[in-house]
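One chain comes next, on its own, written as structure tokens: the form predicted alone.
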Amino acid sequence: MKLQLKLALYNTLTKIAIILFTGLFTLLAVEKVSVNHIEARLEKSKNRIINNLSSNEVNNLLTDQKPDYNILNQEYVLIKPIAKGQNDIVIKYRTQQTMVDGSPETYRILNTNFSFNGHDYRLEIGESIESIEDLKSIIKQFTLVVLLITLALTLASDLIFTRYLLRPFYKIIDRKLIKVNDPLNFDYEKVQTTTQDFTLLDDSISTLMKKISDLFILEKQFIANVSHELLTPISIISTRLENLMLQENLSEEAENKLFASLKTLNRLKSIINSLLLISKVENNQFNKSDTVRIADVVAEITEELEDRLEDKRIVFYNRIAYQYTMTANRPLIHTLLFNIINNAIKYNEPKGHIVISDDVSNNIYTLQIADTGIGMEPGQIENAFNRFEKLGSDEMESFGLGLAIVKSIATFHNISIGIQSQKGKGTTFSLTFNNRG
């Protein structure tokens, strides 16, 4: 769940809890105040009745032996005689529901004893509390309506506010982390925000990326320097070994050892040249001023690899339909496509297929190179562009640098690479040329 939604839900739930607590407290307070008010009125009525009671009224009430209701049945009075000596003047209250004219009525009732003309009586005065129940019902409905309205308004306002509040945060994540492909091209411009925490996050990421960039530069300089310095002694040793092999009195055993040493030196030289190429590409030491037609480059590579295709009896389908051209470094584009097509041959099955096709969507050109080879596991796809990753190949000529070179050249030309592969089914490389041709 996104942070924005979590914050909105938290604020909404806390406000709902406050509203529920306030509504419940109001409900209890209204009931308590109303009951106290009714009891005060009942006591006043009791004093008024006892002080103004006449013999005729007592006789009338005793004759009926029924409560004497007023017109609206809101109040009633009932007097009953009690035995002598039970005239303990204690006021008691209770709530009771009674049927009046066929309808249930709830009354708050006062009970007390009193003496009149030498006789003891029990006085019962009731007052309807239906109005309190009505008020409680209104408060409940009002609280529910307020709750629903508050819920909707709070959720909407919180979502809008948290979206505004977190906008710099998502901008920092997107600009400073997600879209960073090369630490050397990191955008150090600060994201505008008034939140100090986001400013601290922005500064921390920039500081971290500065350290990574420095280390990255040092690594590339180290690889370039070491590779360059190694090439000269390797060339000298290689020349000397070749001269030794020209000697006529050389034994067959010595000749085999010299040949193996030369082969090892050539492998070392190839690796160093590959690392130098990657280093130069990543250091932007190549120009991108050539007009390159992708279809022409693919045709050249196909012609160069014709022997290898025939050796494995691989059927090659060139289904390029668009004459896409771009401004780039032609040798590098040639190397990029050569490495991918060469891998499609190397890892293909005998009598397999290679299909090269293209497409244009939304003015974006895409080239696909698909083979029916051994395919890759998901873990191999993730590491495919790592240096010295040989993808399970046991070939001595494979150094695991071909796809690393492809990745460097693609990044240099702003070309996106995607891999779709299934073990035993084949692999498809998708090149998306983000620069419009």
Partner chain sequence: MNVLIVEDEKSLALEIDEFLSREGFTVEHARTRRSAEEKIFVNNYDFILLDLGLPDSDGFDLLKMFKKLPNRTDAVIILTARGAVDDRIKGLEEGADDYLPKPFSLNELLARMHAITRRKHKLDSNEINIKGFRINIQNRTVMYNDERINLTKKEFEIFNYLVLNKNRVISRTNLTEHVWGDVLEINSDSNFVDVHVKNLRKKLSAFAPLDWFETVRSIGYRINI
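Numbering follows the first chain given and starts at 1. This one's a predicted model, so the numbers in the text were calculated from it and none came from an experiment.
From this point on, the text means the form predicted together with the partner chain, which you will not see here.
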Taking Ser235, Lys280 and Arg308 together, does each of them reach the partner chain in the model of the complex with some heavy atom inside 4.5 Å? yes
Selected contact from Lys210, Lys80, Arg167, Lys269, since only one has a non-hydrogen atom within 4.5 angstroms of the partner chain in the model of the complex: Lys269
The single option of Asn348, Thr154, Asn339, Thr112 touching the partner chain in the model of the complex, heavy atom within 4.5 Å: Asn339
Select, from the options 92-100, 176-184, 283-291, 210-218, the stretch whose residues sit within 4.5 angstroms of the partner chain in the model of the complex by heavy atom distance. 283-291
4.5 Å heavy atom contact, Phe259 and the partner chain in the model of the complex: yes
Are any of the heavy atoms in Asn363 no more than 4.5 Å from a heavy atom of the partner chain in the model of the complex? no
Does the partner chain come within 4.5 Å of any heavy atom of Leu401 in the model of the complex? yes
Is there a heavy atom of Asn318 no more than 4.5 Å from a heavy atom of the partner chain in the model of the complex? no
Though the partner is not shown here, which residues of 231-246 have a heavy atom within 4.5 Å of the partner chain in the model of the complex? Leu231, Thr232, Ile234, Ser235, Ile236, Ser238, Thr239, Arg240, Glu242, Asn243, Leu246
